[in-house]
Each structure stands twice: as structure tokens, then as C-alpha cells.
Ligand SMILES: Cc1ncc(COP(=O)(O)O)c(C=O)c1O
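To begin, one chain is listed below as C-alpha cells, in the form predicted on its own.
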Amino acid sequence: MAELDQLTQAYERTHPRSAELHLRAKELFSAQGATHFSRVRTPFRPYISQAAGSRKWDVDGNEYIDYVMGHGALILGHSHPVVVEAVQRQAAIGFHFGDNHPLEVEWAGRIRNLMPAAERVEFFASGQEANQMGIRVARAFTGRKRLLKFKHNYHGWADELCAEGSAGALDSEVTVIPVDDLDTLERHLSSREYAVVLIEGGGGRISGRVPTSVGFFRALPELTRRHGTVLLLDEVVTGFREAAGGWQSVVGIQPDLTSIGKAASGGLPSGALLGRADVMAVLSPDAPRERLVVHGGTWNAVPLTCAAGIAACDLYRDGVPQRLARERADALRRQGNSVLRRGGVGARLYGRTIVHIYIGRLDRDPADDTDPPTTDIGQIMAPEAAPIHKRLDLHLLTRGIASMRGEAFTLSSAHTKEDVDVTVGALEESFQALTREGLI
């Protein structure tokens, strides 16, 4: 217990200005002073004042190798100079025209070139909005109401997108089933009452903390088409991160609708719904009144975001950022797992450009370390591991590593070999400390 207290006290001593801001924030924001559920931490997350490349600095001058990366948005790293230049140039001539403009056409054209499934493009202020519109479009197109989604997939906080049973949410038309169960899926779809199947690209929980087999993804287009249901692939995280063409290009499918966000605009707020022209036709004013979907939004395709999106998409096109991020992620997993094995620790790293941290029973040690060390999703999502992840998060922060809640490392093309080496050292020290504390 003494060591536990010492860690928190040492963190508070080295973060005095963050502590002051946190006290003020608690009087302003209901979620213990945080503006996002993942930033709720004891005693508090650092308050960041600057970022560049793979690094960020807090108000107390502490430096971190950053693996939050804008919650996955920054595959190019912080403040990529090409994106910065595009934003600065556009800011000087107009933030918001409140009208049609050339940049929205250019950006949509680049998205279509990268993702051929984008016969039509509709812009939003966030990926969650794109998911919400995808559901409404599917309902208008099919004339059906029900939504089918998968356990442990994350699509946002809105009513029908959030976890089953969430307080205050209305979801009477939603069915949630396990992934990788084609028989159960077909049994539901055969009722022909489902407008849409919604699934998270790359696997559940930010690109695969809860894995989904490639075979399952590949079976979805034909199965949904057979039963007259729209397939909506949520690529808010994986779009332009997994590959220039997104997760759909990795597994070789073409969904009816795709939602993107995060990386689409190089780090500025954005979302887009992409899809088949006939499905998206319900957004046209020429659609029959009973099927017409009207879409407004002050922040849809604002010039500033479009300028950033064009610059980012041009950088994504050759696949180099994705390849560099994957190389660094591969090295982090390989070196990190070597350290964990050597220390006899019940933990492993797995995933792709987002490296997930598993803590728990090891049922296997797969040769392919993109796979987790268990097939038991209950173990992967075990609530009893949550306090250990939180503690790991604090240990890493004190060693200059900003992870995603002690649950994942989000890599970018800006991360270096040195970053990986330092991170592996910090990870080893942190797990040694957790062992001394009796937490693992």
C-alpha cells in the first residue's frame, strides 16, 4: 500500500499545474473534471499544452511519447507540417463560407479514389454522426426499423449506438449478438425485419481489442444482401489507418455503407458516410417524400476541415504512413512480448497499428502476435482487469509514456525506433512495479 501511495504522491508532485487545473475542471465538468470518459483518471490525466510528431508536453513541462494520438485520429502524428500548412493557408482566406465550395468536391473525390465503395459521400462533424445517419438512411431505403449490431463493438454514445442497457438510452429496435457466429446472424436476418447490420472495422473496441475473424467480415456482404439488409461498416477508427483503402480493402469486401472519421481529416473534427448511390439516394430532394432523409449540419464540410482532409488523403494515398505505423507497432509488440515472457508476466501485447494490452490468464501464446493470448472474450473484457490497467496507465505516465488508459498504444508514422525502445523499457519497469504491488 505504501508503494501505491508513493506513486500517486510522486505524480502529483511532478504535475502541480495540472493538479490546479484539475481542481478547477471538477467545478466545471461533471465527469470528475474530464471531457471524455477515457480521460477520467485517479488522480488526474496530465493537462497538455503542446504536441509535435510522436511527442507531447504538459503544462508542467513533462514530456511524453504519445500513444493516445488523438484517440486514433493521428496516423500522421501530431501537427504534420503538410496538414498544418494546408490549415494555415485556408484559415487566412476563410473558416466557414456557409455555402458550397470547391474544397468539399476535391476532398470527396479523394476519398472516393481511396475507397471505391464511396459512390456517394455525405459529410458530418464526427464519425458518430455518420453512424447515426447510416442507420437512418438504411431504414429509409429498406422501409424496415430494426438494427443489428455486435457485442463489444463501439460506435459512439448516441442512443442506438451505445452499449446495451446504457442509462438514458433508447434502443428498443436494437438487437445485439456475438461476433463470429454466422448461424445466429442468419437466423436473425431471415426474419427480414432488419434494416441494417452495423459492425466495427478491424474488430471490436478501437480496431480489435475484441478480435473478429476475417472470414466473418468476408461473409457479411453476401449474407446481408440475401436478406435485403444494408451492411454498414464502421471505419471511424480503421479508415485510412489500416490501409489507404481502409479495413474493407484489407479483407476484400465492399459494404453498402461505410462510416469514417478521425484520420479522414488529418486530425480535425470530421466524419463522412460513404456508400452505394442507390442507397444514398434517399438523401436527394428528388426522393419520394416518405423516403426522403433531410441532412443539415453547420459543420458539414467546412473549408478548414476540407483543406486538412485533402492534404491528409494525399499523404495516405501511397500507403507509406500506414506501413511506417505498422512497422513500429510490430516492433513494439515483438519487443514488449519478449520482455513480458522473460519476466513471467501474465500479460501480452497484440493488434495491428493499435497495440492492445491484455492482462490475465494466458491460454495460448500465438505465433502471430496480432492475435490475443486467449479466445475468451470474457477474459479480454474482464472487469477485474480494469483497476490494473488504470494503475499501469499511471506507471507509464510517470515514465513519460502516454497510453490509452493503460489498455492500448496507438502508433503513428511519426513514432521512431527510439520511441519504441524507450516504451519497452518503461513497460518492463511498470509491470515489475505492478508485480511488487501485488496487482499481477
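The first residue of the sequence shown is number 1, and the count goes up from there. Not measured: the values here are computed from a predicted model.
Missing here is the form predicted together with the ligand; even so, the following discussion is about that form.
Peer 1: May I ask you to check whether Glu242 falls inside a 4.5 Å heavy atom distance of the ligand in the model of the complex?
Peer 2: Although the ligand is absent here, Glu242 would stay clear of it in the model of the complex, with no heavy atoms inside 4.5 Å.
Peer 1: Against the ligand in the model of the complex, would Pro303 count as a contact residue? Criterion: heavy atoms within 4.5 Å.
Peer 2: No - in the model of the complex, heavy atoms of Pro303 and the ligand never come within 4.5 Å of each other.
Peer 1: Against the ligand in the model of the complex, would Glu122 count as a contact residue? Criterion: heavy atoms within 4.5 Å.
Peer 2: It does not: once the ligand is placed as it appears in the model of the complex, Glu122 has no heavy atom within 4.5 Å of it.
Peer 1: Just checking whether Thr370 would be counted as a contact of the ligand in the model of the complex - the rule being heavy atoms within 4.5 angstroms.
Peer 2: No, no contact at 4.5 Å.
Peer 1: Let me test this: is every residue among His155, Val236 and Lys262 within 4.5 Å of the ligand in the model of the complex, going by heavy atom positions?
Peer 2: Yes: each residue has a heavy atom within 4.5 Å of the partner.
Peer 1: Taking the partner as it appears in the model of the complex, which of 84 to 92, 213 to 221, 272 to 280, 147 to 155 has residues with heavy atoms within 4.5 Å of the ligand?
Peer 2: Of the stretches listed, the one contacting the partner is 147 to 155.
Peer 1: Thr142, Gln322, Gln128, Ser249: which sits within 4.5 Å of the ligand in the model of the complex by any heavy atom?
Peer 2: Selected option: Gln128.
Peer 1: Go through 182 to 204 residue by residue and record those having a heavy atom within 4.5 Å of the ligand in the model of the complex; state none if no residue qualifies.
Peer 2: Only Glu200 sits within 4.5 Å of the partner.
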